[in-house]
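Here you get one chain, nothing else, as structure tokens; it is the form predicted alone.
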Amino acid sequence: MKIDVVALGETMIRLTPPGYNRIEQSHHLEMHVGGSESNTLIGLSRLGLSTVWLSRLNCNPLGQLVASSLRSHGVDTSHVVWTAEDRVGTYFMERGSEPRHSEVFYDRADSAASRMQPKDLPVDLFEPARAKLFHTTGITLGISESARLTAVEAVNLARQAGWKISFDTNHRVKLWSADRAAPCYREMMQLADIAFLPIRDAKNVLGCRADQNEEVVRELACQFPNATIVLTAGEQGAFAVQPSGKPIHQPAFRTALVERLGGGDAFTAGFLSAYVRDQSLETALCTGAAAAAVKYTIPGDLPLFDRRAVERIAAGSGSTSANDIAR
């Protein structure tokens, strides 16, 4: 089977009090599944692409919940490594309302995914023309040294097979410091065909000095001349530049914010859905912005949007109905 996108990363169980309750006042918690790379794959699958997820899961009901959730949205999990050891990572999230911000509390140490090894990779999968693109993020690099080495090996295998490489810095300050992360991100971005990063990572982790977003993109393009650079800047939209090209800007679409988590992954899914179809950079940016706008209206981490809704917003035809957003 021809695959569009293969991604490597950890997916966890998220536990959240209902509404805007704090954990200490809650008697029950909502359970969600979420992980950056798998969120992106689910978005790609719902936008019509074929996807494969690589990871390591504990063989218990929590691990089965993660895998079945991804499969239910069309993601192939047949290459997941299962283990009777370790654990499935979890995290807790309290929704906030101004002036109280939302907060995330991780409980992921010694998870099954953090103990991934390069030998766990399905080498037979990395064949020429088997897939179009490989994707991973800085989260996978940060959960452990063995996970980082696994991601680097996967990138090398994908490059040898002639696949495109996509990398999203997606820095998590609770995983590792900017000083530790920066050289690892730079290594990946030197290997990548396309690199995603939010403006905060460009400045706080990679040390970009420019004030204007367009100039930040230019600065990154000089440092990583072989990659298409995609910079996300919240309400200011997204900016991108191809090798030897000029920066372009995509404004953000207006949206009613229900939940912010997963918005960046939805943007990446929308962008890559156009990129792997060889559509223009302008189209990819617009599709990414539309996908993020729809995701912000959906509770949970997963981009449970409908392709028609994303395409209509990208085409500029306005808001969507609830039936369009999630089937």
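No experiment lies behind these values; they were computed from the predicted model shown. Note that residue numbering follows the sequence shown and begins at 1.
There is also a form predicted together with a further copy of the same chain; it is not shown, and the following applies to it.
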Only one of 242-250, 103-111, 180-188, 131-139 has residues with a heavy atom within 4.5 Å of a further copy of the same chain in the predicted bound form, and that stretch is 103-111
Please run the contact check for M12 against a further copy of the same chain in the predicted bound form: heavy atoms, 4.5 angstroms, yes or no?
-> no
Does any heavy atom of E94 come within 4.5 Å of a heavy atom of a further copy of the same chain in the predicted bound form?
-> yes
Is the gap between G48 and a further copy of the same chain in the predicted bound form 4.5 Å or less for some heavy atom pair?
-> no
Contact test in the predicted bound form: Q212 vs a further copy of the same chain, heavy atoms, 4.5 Å = no
a further copy of the same chain: the contacting residue among R148, K164, R218, H73 in the predicted bound form [heavy atom, 4.5 Å] = H73
If we check a further copy of the same chain in the predicted bound form, which of the residues in 30-52 reach within 4.5 angstroms of it by a non-hydrogen atom?
-> E30, M31, R46
